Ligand code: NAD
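This document opens with one chain alone, in structure tokens, the form predicted alone.
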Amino acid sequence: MRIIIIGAGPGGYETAVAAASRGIEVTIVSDGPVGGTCLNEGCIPTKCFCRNAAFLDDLSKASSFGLENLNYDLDFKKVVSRKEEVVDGLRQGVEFLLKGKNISLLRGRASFKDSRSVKVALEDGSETEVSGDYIIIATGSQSAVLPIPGAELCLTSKEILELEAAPQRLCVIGAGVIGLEFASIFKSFGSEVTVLEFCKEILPRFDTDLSKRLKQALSKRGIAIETSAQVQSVEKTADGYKVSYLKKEQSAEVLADKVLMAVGRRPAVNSLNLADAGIEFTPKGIAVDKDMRTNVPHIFAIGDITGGYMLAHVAVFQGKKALSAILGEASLVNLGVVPAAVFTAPEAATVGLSEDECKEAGIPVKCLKSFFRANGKAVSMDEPEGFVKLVVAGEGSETPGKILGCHLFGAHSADLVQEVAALMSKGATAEELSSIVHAHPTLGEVILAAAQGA
């Protein structure tokens, strides 16, 4: 059996390695560095910046911990250098994996010749062609851009990682995950940050309570956040860049040294010549079934290209799902329970349904809350900001007490949410969660405290 995988991001390369370990001959095509957006210009480099930001945040509170007369300067070039070292090291690890038995790596841009064959325009200018029994499309996504005058003057999430200095003034267009992470990072780096968001709340797809509380926490840090703000244009001036927007039908503007366009991402479908393979798609992505199979039975699509959850870990597990289908095996992967995190300061995380989504679906629920300020570990860490909200099926539902969602912000939320995700994948109830012994003192007890309110 031969499988062609188009794209060497987390979904593509992990699926390639898994398939090769089963004795399948794999050809993987990479247009650009292996590791994809996540490794090269997304998850990993931004987390490097987050770590630097966290150091600065801790140093700013040093006197509270008895450290006086500290003297330090931020060397931004070293921040960037460290980021590049981490990315290079991890990329070499992926390169090593793709040198394994049964894997052939082609570097170039792929496009379909027909439903069985793929043309690859190689980096050296030549072209080759490969055919396979199955094809998996994993080409990811691209930064979305507002159709406004001056959009070309803005940085994307890729270019902001390549700056040589932190801007004195940064305007972020978009208060989704990407926009808020960079807003939080550069605030810690010393930038004056303004965020403009079109929707009524930040993180529009998250639980409303979480969005409101995180907005308060970020505002308390000094990040200016304007919601219900419709950006009209970006203009270069003698004093930097002027971002004009409407709020409540009133014109307003922000002056900045750099402007980040962070209004989401869109599936990278345009260069694949999908129509010649008979694959159904729209600008929103390629349509797939529960096994990640397209309308062409031997062609699968995983990750951002499908237009669903644009998360690296989702792409990886969708790849597992697709490979199981190809091998005719049952899959234990549950894509109905997907945790997501926002690496702001403080962090935020979510899994499952929000309270609003339950109400819209007519599901009776009750919400259980607890607060980091009542958690001994959080207080001792000087991290009292945060809360946990468990959304639990209420009386009259099919499964009263079942955990339907968890939404939290506060220290290490990205790690804490995984406990609830694991329990949700097994259909656990809040009562069952409340009966699990948790170590003391730990931040995990804040989840326990919420469950004990059931």
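Note that residue numbering follows the sequence shown and begins at 1. Since this is a predicted model, take the numbers as computed values, not measurements.
Note that the form predicted in complex with nicotinamide-adenine-dinucleotide isn't included here; everything after this is about it.
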So in the model of the complex, are L146, E197 and M310 all sitting within 4.5 Å of nicotinamide-adenine-dinucleotide, heavy atoms only?
yes
Considering nicotinamide-adenine-dinucleotide in the model of the complex, which of G176, G150, P167, G132 comes within 4.5 Å of it through any heavy atom?
G176
Out of R265, K83, R213, K377, which one falls within 4.5 Å of nicotinamide-adenine-dinucleotide in the model of the complex, going by heavy atoms?
R265
Candidate stretches 286-294, 310-318, 72-80, 97-105, one within 4.5 Å of nicotinamide-adenine-dinucleotide in the model of the complex by heavy atom
310-318
Indicate whether G190 is a 4.5 Å heavy atom neighbour of nicotinamide-adenine-dinucleotide in the model of the complex.
no
Please tell me whether any heavy atom belonging to K369 falls inside 4.5 Å of a heavy atom of nicotinamide-adenine-dinucleotide, as the geometry stands in the model of the complex.
no
Even though nicotinamide-adenine-dinucleotide is not shown here, does F186 get within 4.5 Å of it in the model of the complex, heavy atoms only?
no
Spell out, yes or no, whether the shortest heavy atom distance between A229 and nicotinamide-adenine-dinucleotide in the model of the complex is within 4.5 Å.
yes
